[in-house]
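One chain follows as structure tokens, the form predicted alone.
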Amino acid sequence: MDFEFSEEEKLWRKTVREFSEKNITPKIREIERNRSIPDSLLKKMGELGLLAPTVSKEYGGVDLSWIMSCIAAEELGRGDISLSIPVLYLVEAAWGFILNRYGTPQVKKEYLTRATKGEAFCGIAVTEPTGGSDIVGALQTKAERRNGEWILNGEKMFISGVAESEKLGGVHLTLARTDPSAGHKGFSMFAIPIKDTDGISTTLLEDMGREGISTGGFKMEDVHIPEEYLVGELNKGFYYAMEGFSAARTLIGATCIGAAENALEIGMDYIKTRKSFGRTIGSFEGIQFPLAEHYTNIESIKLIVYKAAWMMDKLYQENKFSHHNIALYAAMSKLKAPQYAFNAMNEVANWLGAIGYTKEYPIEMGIRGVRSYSIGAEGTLNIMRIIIARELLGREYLPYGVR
């Protein structure tokens, strides 16, 4: 057992941190105001290998390991505490991986080679207006094969990257029913290009945080796509989605860790210099004890996040562990990292006092951004608890849903 990162991993962390400090952190207010990540920054990220990095080299990626992917996610979370850029990063890292693993060569060549350069977007579209947690019960989008193509009808909502996909092009991996009588075994996944596709209309929503990346939805009315836009096997889409969610949840854990670490460092710098009642406020136990708790929480969840990443590397490189093993640790990561990060940021705002409620410090951006991960974004907290209990007790103990 070795808790030390390799020299290559340490160098990667140093590289991403320096890149973030130079190119990202100075721009996070501008990105939030403009509600957009500059094309020039996306290009630089692509050149460094920070866009869909888990994609194979054949399609423009760098075939990054999951540990290295989490290191990048953590450092991007540290660099952009609002979590706009980390969201874009983790969505493309997780779902670009799924498309790379199961998509057809034609679709991968068309979209992944561009996504890795910042010239297209690769996202996920599962949630619908009727719900997201209850996939089997709520999902109503249907796909029907006719005359050598697929025709889709339905609506997706609360989807990341709708505006980016409209602007740049790209695909959203979209879950649809292809056998309505088969429950979760009747879902298939499709690569749906939003831009310039007949029958698609979009909606944009205004989020309270992580405003540099869009959230919205798209409606499909008799949308025709070629047969090769089916991702993987027919009626296997539910399993591909669950595989992608485990990857995304692990990366979410890493981004929350990075943002929380940044917040605590900001707070510690402040409490070591701010004086009240004749001494620095960092001297008071009322400040020190919460700091100790929050730092311990972040360090503990970091171990779980990196164990999940390590297990994923073992699965995909050595065929060790199972998707169920990984689902357990990914769910634990997603359950605790957003809560710990939010609580740490909230505590730092308390230390800062009145100025913590202003935009002079970025803590308020972090609080707004990280809240999305405890509300939903790749699964609610209670869904994470259900997954954890399922893996501990067995599927027969599920209170409802897929057994």
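Numbering starts at 1 and follows the sequence shown. Here the structure is a predicted model, which is why all the values come from computation and not from measurement.
There is another form of this protein, the form predicted in complex with a small molecule, and it is not shown here; the text below is about that form.
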Practice task
Please name which of the stretches 290-298, 320-328, 100-108, 210-218 has residues with heavy atoms lying within 4.5 Å of the small molecule in the predicted complex.
Solution key: 210-218
Practice task
Flag G46 as yes or no: does it have a non-hydrogen atom within 4.5 angstroms of any non-hydrogen atom of the small molecule in the predicted complex?
Solution key: no
Exercise for the section: Using a 4.5 Å heavy atom cut-off, state whether G118 contacts the small molecule in the predicted complex. Expected result: no
Exercise for the section: Check whether G131 has any heavy atom within 4.5 Å of a heavy atom of the small molecule in the predicted complex, and answer yes or no. Expected result: yes
Practice task
Look up in the predicted complex whether T127 has a non-hydrogen atom within 4.5 angstroms of the small molecule, and give yes or no.
Solution key: yes
Practice task
Would you confirm whether the three residues T54, S56 and G244 all fall within 4.5 Å of the small molecule in the predicted complex, going by non-hydrogen atoms?
Solution key: no
Practice task
Could you check which residue among F238, W150, F158, Y306 gets a heavy atom within 4.5 Å of the small molecule in the predicted complex?
Solution key: F158
